[in-house]
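Only one chain is given next, in structure tokens, and it is the form predicted alone.
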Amino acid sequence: MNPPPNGPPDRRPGGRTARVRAQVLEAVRAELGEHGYEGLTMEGVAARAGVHRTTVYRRWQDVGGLLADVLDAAGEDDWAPPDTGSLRGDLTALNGEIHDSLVVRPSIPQALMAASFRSARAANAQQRLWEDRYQRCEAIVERAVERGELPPDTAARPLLIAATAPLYHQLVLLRTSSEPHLAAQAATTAALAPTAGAFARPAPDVEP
């Protein structure tokens, strides 16, 4: 049965369906990296993938469906955040991975982020991917709390955002050239901030 028009394709299909999906999604990444959102077409993806265009239209409906499935596929992997034995080490290693994905050319993550501002379906899928990645990365903060590096009331999400945001700000928004120490500097700042009371969860309201 085909997926509903506004939903992502069925996940983890098998056999020939899996091969076609893999070919098409790889073609989307390649086309997006080479031509950007404006140059991404159903026909171009079908030709690069070696798949009949009616198959692409039937399964993904439009460019937004293709982008959404690429993003959803990224959330199906077994990626786990780095585990170096220290909070600063974990955040630095995480930032290193983010840095490398943003400065490589073509940068598929950058292209997908840009495309998400042009497609509602891609935007929803991008949000799902962000949520998935942040949830996985909360393990970094949980391990640091268990090691006694962080106060027990440390809020994971704000700390992770503070650690990673400088990379996106400089490399994606400002489009500045890469700085050698950016990843480590941002990680160190975020790792030290909780000692000054930053990222503490608000105390629950107590009724009189």
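Numbers follow the displayed sequence, beginning with 1. Remember, predicted model here, so these are calculated numbers, not experimental data.
Separately, the form predicted in complex with another copy of the chain exists; it is not shown, and the next lines address it.
Query raised in the report: Would you say all of H169, T189 and G197 touch another copy of the chain in the predicted complex, counting a heavy atom within 4.5 Å as a touch?
Result: Spot residues vs another copy of the chain: full contact, yes.
Query raised in the report: Counting only non-hydrogen atoms and a 4.5 angstroms cut-off, does V20 reach another copy of the chain in the predicted complex?
Result: V20: no, not in contact with another copy of the chain in the predicted complex.
**Report entry** A93, heavy atom within 4.5 angstroms of another copy of the chain in the predicted complex
**Finding:** No.
Requested in this report: Considering only heavy atoms, tell me if Q127 and another copy of the chain come within 4.5 Å of each other in the predicted complex.
Outcome: Yes, contact at 4.5 Å.
**Report entry** 4.5 angstroms heavy atom contact with another copy of the chain in the predicted complex for D62
**Finding:** Outside the cut-off, so no.
Query raised in the report: Picking from 25-33, 50-58, 138-146, 154-162, which part of the chain touches another copy of the chain in the predicted complex when contact means heavy atoms within 4.5 Å?
Result: The contacting stretch is 154-162.
Query raised in the report: For the stretch 70-85, which residues lie within 4.5 Å of another copy of the chain in the predicted complex by non-hydrogen atom distance?
Result: Result: empty, none.
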